[in-house]
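Quick setup: one chain, the form predicted on its own, written in structure tokens, and binding and motion questions come after.
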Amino acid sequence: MSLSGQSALITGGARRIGREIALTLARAGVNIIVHYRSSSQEAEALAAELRQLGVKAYTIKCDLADEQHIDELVDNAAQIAGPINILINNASAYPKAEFDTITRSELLSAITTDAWAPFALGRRFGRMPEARHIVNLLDTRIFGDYDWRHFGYHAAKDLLALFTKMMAIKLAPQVAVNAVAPGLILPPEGMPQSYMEGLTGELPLKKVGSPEFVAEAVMFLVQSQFITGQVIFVDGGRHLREAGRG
């Protein structure tokens, strides 16, 4: 299915995986709204690069930790860019918060940005007559392996996986809702690439992935006309080894 002329809102789209998703969709002719919280320079630079690919590109600022702003983001994006057909819930926070020390407020903060925001955006987006696809970005560890050092993040991604299935039912038949669960793609902020290389030993494919691989999976899902409620693991098979291991 041709995507040319459609429009996509990508949360956290200015950097890392979100940036690659924006470039991949733009090469297919999709107009892009790049959401950001604080990466204004990166967002504007990406928008300029996207326009050179022949599509329209816009930037929009929103703090997804603010519930009022969450409710306004989709409407504001449509006001500046026109009808939106695709929503990519990519934005995510990754603060360290361990099982033994995490507080209630830290857990609720993680759930707000990584689960509630995608759900609230998707619910509002699903009411728009032009809405067709939602793709949520999860994490390979939702399958069984626990991220003990980022307890709030892990809990929120598990919750978003549940929301993905529920949204797929409630927003059908107009909107297809799916997810992509990346594995070893990019090192955490501040960590070198060598950190990732040291974790590949137990992966069936024995290598680190690339943001392009995630973007390819997103592209497949937004082009599909008969898939909803699914999760594609882009992780070199990591979830196969970690299932049930904890």
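Fair warning: this is a prediction, and the values are worked out from it, not measured in the lab. Don't overthink the numbering: it's just position in the shown sequence, from 1.
Another form, the form predicted in complex with a small molecule, is not on view; read the next lines as being about it.
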| property | result |
| --- | --- |
| Option from 50 to 58, 216 to 224, 25 to 33, 185 to 193 whose residues, in the predicted bound form, bring a heavy atom within 4.5 Å of the small molecule | 185 to 193 |
| Exercise: residue 46 in contact with the small molecule in the predicted bound form, heavy atom 4.5 Å | no |
| Contact flag, residue 164 vs the small molecule in the predicted bound form, heavy atom cut 4.5 Å | no |
| Exercise: residue 153 in contact with the small molecule in the predicted bound form, heavy atom 4.5 Å | yes |
| Contact label in the predicted bound form: residue 17 to the small molecule, heavy atom within 4.5 Å | yes |
